[in-house]
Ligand SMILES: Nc1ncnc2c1ncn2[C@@H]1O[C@H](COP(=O)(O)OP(=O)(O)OP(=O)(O)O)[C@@H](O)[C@H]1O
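Presented as structure tokens, the chain that follows is alone, the form predicted alone.
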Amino acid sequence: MPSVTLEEIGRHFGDVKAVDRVNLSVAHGEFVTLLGPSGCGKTTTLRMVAGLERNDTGRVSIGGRVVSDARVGLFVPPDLRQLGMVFQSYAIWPHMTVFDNVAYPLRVRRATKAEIRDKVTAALRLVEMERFADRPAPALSGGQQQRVAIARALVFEPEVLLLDEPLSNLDARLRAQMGDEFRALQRRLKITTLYVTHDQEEAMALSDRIVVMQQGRILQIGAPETVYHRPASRAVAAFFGTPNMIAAKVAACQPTDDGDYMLAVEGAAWQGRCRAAERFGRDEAVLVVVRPENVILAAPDTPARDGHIAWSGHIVDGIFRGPHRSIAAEAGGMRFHIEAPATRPVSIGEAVTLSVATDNVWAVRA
């Protein structure tokens, strides 16, 4: 049975549809991330699950129990939904110690002193904060405050954990470290998690599935690899990094054994083959999506290898970024973004051949 089920849920603010009839099912123990730009409806969706916003349409179920149904006027308040929540600001109370912050959900539920002591100690041990139990909350670093917020959300053993951009206030190094630690903790506890972020790399690193949202609607749901390499639309493709999106027309379309379609495509002074999720008609316009890291740079006039598309061009820019080098090249009247090894030397104006393997090229509707 799914831990969280959203059926046609919506939330309107005047004439603005913040969330527009969203459907989603989150399995027990699954880590699902709502991903999208600011204002796409992801936080409003999370708040409707939490009961902090009341849905105007549809129904929310948690653990098989309906907690909100707009059609019949049913609404279970947040404190009765058995949910843990971590906010972007962490919401750590400065006048309390670490122990008292984590103990608060148990005290409002009138747990015994012995139960509070045992459960708070266990929760702090989970996030490696047990030795800070008596420390005043303001004396904690950002990463420590985040751990306390997670411990407080877990201490009463919620059915579902909700997190609203909990890493956004940390620096890049600590954000990656805390994300890895939290994902390991979530897997160990097998707790159902619904996570909100606008950070694509964070979503891909943490999630079992990603829900890409835009303007209150879901554009695509899938595993991180699927959403990244097989985007359902131009909008999804464009949200991840800086893909090269090349206009082309379909010359032929054939189904493949794995359920995809193999397209023969033609562009301005180039042609080749690529994969797609749907059937396209002859002469239909498509956008060919090429990820920067999949572009291979070779010497000028290098013949295209079998199973590759190739363009002749020249380098116009190069930026050293430490572990890799970002290169811009012009070829066939187009500007390509390329991610190359940091050791690859760059000379502005250098003539090159750009190529990419057919299996790394994806087509979406123009």
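Numbering starts at 1 and runs along the sequence shown. Quick caveat, the model's predicted, so the values are computed rather than measured.
The discussion below concerns the form predicted together with the named molecule, not included here.
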property	result
Sole residue of L24, V356, A18, V352 within 4.5 Å of the named molecule in the model of the complex, by heavy atom	A18
E202 within 4.5 Å of the named molecule in the model of the complex, heavy atoms	no
Any non-hydrogen atom of G51 within 4.5 angstroms of the named molecule in the model of the complex	no
Close approach of G313 to the named molecule in the model of the complex, 4.5 Å, heavy atom	no
Interface membership of G58, the named molecule in the model of the complex, 4.5 Å heavy atom rule	no
Candidate site F87, P138 and G142: all three near the named molecule in the model of the complex by heavy atom within 4.5 Å	no
Proximity to the named molecule in the model of the complex (heavy atom, within 4.5 Å), stretch among 335 to 343, 317 to 325, 66 to 74, 32 to 40	32 to 40
Stretch 209 to 237 - residues with a heavy atom within 4.5 Å of the named molecule in the model of the complex	none
